[in-house]
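There is one chain below, alone, in structure tokens, taken in the form predicted on its own.
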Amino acid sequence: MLTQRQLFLRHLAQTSDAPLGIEAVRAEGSCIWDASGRRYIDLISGIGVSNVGHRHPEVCRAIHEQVDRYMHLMVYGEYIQYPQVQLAARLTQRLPPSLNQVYLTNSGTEAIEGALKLAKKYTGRGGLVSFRNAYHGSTQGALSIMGHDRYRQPFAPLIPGNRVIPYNHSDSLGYIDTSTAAVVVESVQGEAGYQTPCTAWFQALRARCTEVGALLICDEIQSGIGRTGDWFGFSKHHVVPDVVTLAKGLGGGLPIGAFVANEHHMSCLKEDPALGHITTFGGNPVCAAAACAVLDALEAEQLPARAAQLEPEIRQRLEHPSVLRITGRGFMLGVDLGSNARCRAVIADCLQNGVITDWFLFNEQSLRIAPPLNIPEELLFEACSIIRGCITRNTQGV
């Protein structure tokens, strides 16, 4: 009889030649257990998904209660469904007043696709601008604005009319012009190693979009829902985007995303033609109920503020002679080890010692540190100590 690992490799399409390969059987809070009973401290939260931890009791309760009422009823936007309505209202309460309508999707990349369609429809333009080392998803539209040729080229030709410019460089903002429908930007670049922009540049970007009539789309898929220490990463820079995309941490482990815009902008999707943007499962009521519970937990436990408060402690505990720098904000940190080989060795050693960390698509020399926002301090500090030990073992004499 084949083992689960053999079945995994034989029948599930693989995304790389080196999957982490943990045979997970249970997850709770900030930990995952494998089939042998071994515990792992999860420092990547399913890549920014488990902001309130695995199987948060209030999220589980909301899921069970909604399943007992109803699950899928009709395609998005046709029936009035309480979880969808409540989630949309709750999100707009946390966003600037101009961002007052929500379109619910299944995922982050679908939120990006919807935001791009909205921008093109509203402006009547075809040009898109994004940034080097940006990651916005893997569908054709999202891939077209990805900021790394290694991942774009094998799938060419992609959607035309896109321009990729340097992130956090004011000299490049002139490429945003009257042919530009939208500029898509991450408030923290998720796959570049959690790179953060300066406020002056972000404000100049906002001003340039306003000047030429392009919509500013802020991708908060990985940085949003409290992970940076603010509810949304753009808040630090005192700007208001035209569109915000959300997903990952929003659903507490269930698949849901959203793009949020002004009612005036969003209205262009409902006519000429009607149903010009539609989804079957977007805003699934069970997922929406879970997302409402996530927002409740973030508020009740003050988790965004906790991420900001504990960031300096994490940085201090990860200081090491072999760490070149620590990037990012809140519970969204990158530990630069200087080389891909060193980083891979530390990741493997961490896994052997019960800590799950990872690298970045466009920054393979840095470790990803993105634990659940409610991770107990003793677990967090234990994980930091293990990481330091692994760095020492894998950098001695290098």
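Residue numbers run from 1 along the displayed sequence. All values derive from a computational prediction rather than experimental measurement.
Unshown form predicted in complex with a small molecule; subsequent notes refer to it.
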query: Would Tyr135 show up as a contact with the small molecule in the predicted bound form if we use heavy atoms at 4.5 Å?
result: yes
- prompt: Wondering, does Ile221 line up within 4.5 Å of the small molecule in the predicted bound form on heavy atoms?
  reply: yes
query: Is there a non-hydrogen atom of Lys248 within 4.5 angstroms of a non-hydrogen atom of the small molecule in the predicted bound form?
result: yes
- prompt: Heavy atom to heavy atom, is Thr109 within 4.5 Å of the small molecule in the predicted bound form?
  reply: yes
- request: Work out which of the listed stretches, 301-309, 213-221, 231-239, 95-103, brings a heavy atom within 4.5 angstroms of the small molecule in the predicted bound form.
  value: 213-221
